[in-house]
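Just the one chain here, the form predicted alone, laid out as structure tokens.
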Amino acid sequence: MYNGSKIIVGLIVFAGIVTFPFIYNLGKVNAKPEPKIDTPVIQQLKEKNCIESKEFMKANHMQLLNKWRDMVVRNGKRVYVNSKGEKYEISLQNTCLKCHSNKKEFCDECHNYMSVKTHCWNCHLESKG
């Protein structure tokens, strides 16, 4: 085998470079985010229910927001009927951010943890609250 020692050294260096991030971060864990939902508006609510269940919103909020966008922009519909038959205005700022006004502690905390870049704010204005 020609240049066998160089090939073996090269493979060891390659394996070291590839495995370095895993070895370096071994045992280091980022704390799971706990979104803050204790805004003044939520505290004043008698029934603390979102437009859908907590489990549904955690798993499917982006699909719901995309569906809302399509309903409003493409079909001109402004009312969403949830799984319980309740009606809500389709509005990120007037429905979602009315209660979840703490974007930095609510939205950004999970999105940053998951390294997700949102494109909501390309069109919508961030609330100041």
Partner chain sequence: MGISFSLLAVTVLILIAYSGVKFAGLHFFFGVVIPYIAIATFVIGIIYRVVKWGLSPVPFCIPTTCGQQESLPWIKQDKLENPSNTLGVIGRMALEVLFFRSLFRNLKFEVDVANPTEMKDESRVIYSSDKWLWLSGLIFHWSFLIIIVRHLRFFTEQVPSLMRLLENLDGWFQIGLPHFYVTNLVVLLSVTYLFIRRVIIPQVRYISLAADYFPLLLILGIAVTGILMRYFSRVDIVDVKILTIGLVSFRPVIPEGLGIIFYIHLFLVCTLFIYFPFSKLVHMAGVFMSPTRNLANNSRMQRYVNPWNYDVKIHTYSEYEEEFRGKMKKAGIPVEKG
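Residue numbers count along the first chain shown, from 1. Definition used throughout: the rigid core is the maximal C-alpha set that superposes within 1.5 Å between two forms. Keep in mind that this is a model prediction, so the values were computed, not measured.
Same protein, other form: the form predicted in complex with the partner chain, not shown, and the subject of what follows.
Taken together, the three residues Ile42, Lys87 and Lys103 all stay farther than 4.5 Å from the partner chain in the predicted complex, as judged by their closest heavy atom. At the 4.5 Å threshold, heavy atoms of Val79 stay clear of the partner chain in the predicted complex, well away from it. Among residues of the shown chain, Val9 is not one whose heavy atoms approach the partner chain to within 4.5 Å in the predicted complex.
In the predicted complex, at least one heavy atom of Asn66 sits within 4.5 Å of a heavy atom of the partner chain. Although the partner is absent from this view, Lys46 stays clear of the partner chain in the predicted complex, with no non-hydrogen atom inside 4.5 angstroms. Along 26-42, residues Lys28, Val29, Asn30, Ala31, Lys32, Pro33 each place a heavy atom within 4.5 Å of the partner chain in the predicted complex. Cys110: CA moves less than 2 Å between the shown form and the other one after rigid-core fitting. Once both forms are fitted on their rigid core, the CA atom of Lys28 lies 2 Å or more apart between the shown form and the other one.
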